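Before any questions on how it binds or moves, here is one chain, the form predicted on its own, in structure tokens.
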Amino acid sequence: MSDLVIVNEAQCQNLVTRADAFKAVEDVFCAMSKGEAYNFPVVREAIGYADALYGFKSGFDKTGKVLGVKAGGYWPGNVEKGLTNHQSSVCLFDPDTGELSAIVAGNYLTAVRTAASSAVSIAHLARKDSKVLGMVGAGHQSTFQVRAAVEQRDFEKIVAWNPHPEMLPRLAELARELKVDFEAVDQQRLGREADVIITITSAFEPLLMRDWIKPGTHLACMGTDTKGKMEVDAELLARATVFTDEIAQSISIGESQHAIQKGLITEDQITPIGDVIKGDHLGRSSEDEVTLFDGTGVGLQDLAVASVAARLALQAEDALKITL
């Protein structure tokens, strides 16, 4: 007999910090680069109901002994019901026996690990003197993105644009809390002013064009990844040095898919960010270089933070256990 640990949303929020998520994500990116962790093929489909996207992300980290699957997706109508658009849960299994070992709520963890991913890219790729953070998107995950980003550089101002301007006050309020200046701007001005830009939308058309971006900018494209998604001009990827969490997802469901299809870049021009973390790639090579991180949200990120949540819940004696 074995124990099944169940960790709910409230416990995840109370236990897993941004620092925990940053380290878990950075470590798993490094393990992926070393060939010690790998993701299984993603299943992601429009279910033909409620405009929802639903799927499965899974993988195995041999170093961390973490095996599991995240099930969930995106329900765009949830915000009108007072619910988070992203809904998911993570199942973890004992890699030695295959037994189910934990069920972990995934909504908060999805947001915090997505923010951690962009934060890792900022830490390793953005100019050290970056002062202006640009936000394209003001949905639920945007606040997680901002909180994680401001811990990586000494940002003095946030400039933001959203297709629905009425959502921007949430970022303005957060900026006041963080004691950072804030201004709502159009997309072209955002590109002219921002040193770091995070896109966090569900767009299927470019929201930022190549010529709007100033030299030395770092972009983290973090929006919903699926076939056809597009947040920035494909020509922008041809201008930038492109990094990603996993190349296979980047070219199939990530921001790189359009640039690849148009022949603007090749697969060997995309670098796993784990190569930068473990020191095999320089990362940014000059102050004028435009760098772009295509954050596709690999399953191993979810498994890594879920494993942290399960471990911390057990240590705090705050986990529900069921004997199987």
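Since we're looking at a predicted model, the values are computed, not measured. The numbering used is simple: start at 1 and walk along the sequence shown. Rigid core here is just the name for the largest C-alpha set that superposes within 1.5 Å across the two forms.
The same protein also has a form predicted in complex with a small molecule, omitted here; what follows describes it.
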| query | finding |
| --- | --- |
| Which of 194-202, 149-157, 173-181, 90-98 lines the interface with the small molecule in the model of the complex (heavy atom within 4.5 Å) | 194-202 |
| Partner-contacting position among Pro272, Gly55, Gly297, Gly283 - heavy atom within 4.5 Å of the small molecule in the model of the complex | Gly297 |
| Non-hydrogen atom contact Arg127 with the small molecule in the model of the complex at 4.5 angstroms | no |
| 4.5 Å heavy atom contact, Ser250 to the small molecule in the model of the complex | no |
| Contact test in the model of the complex: Gly134 vs the small molecule, heavy atoms, 4.5 Å | no |
| In the model of the complex, Gly139 touching the small molecule (heavy atom, 4.5 Å) | yes |
| Three-residue site Gly64, Val120 and Lys278 fully in contact with the small molecule in the model of the complex at 4.5 Å by heavy atom | no |
| Rigid-core frame, C-alpha of Val66, shift of 2 angstroms or more between this form and the one not shown | no |
| Rigid core superposition, Val290 Cα moves 2 angstroms or more between this form and the one not shown | no |
| Exceeds or equals 2 Å, Cα of Leu53 between this form and the one not shown, core fit | yes |
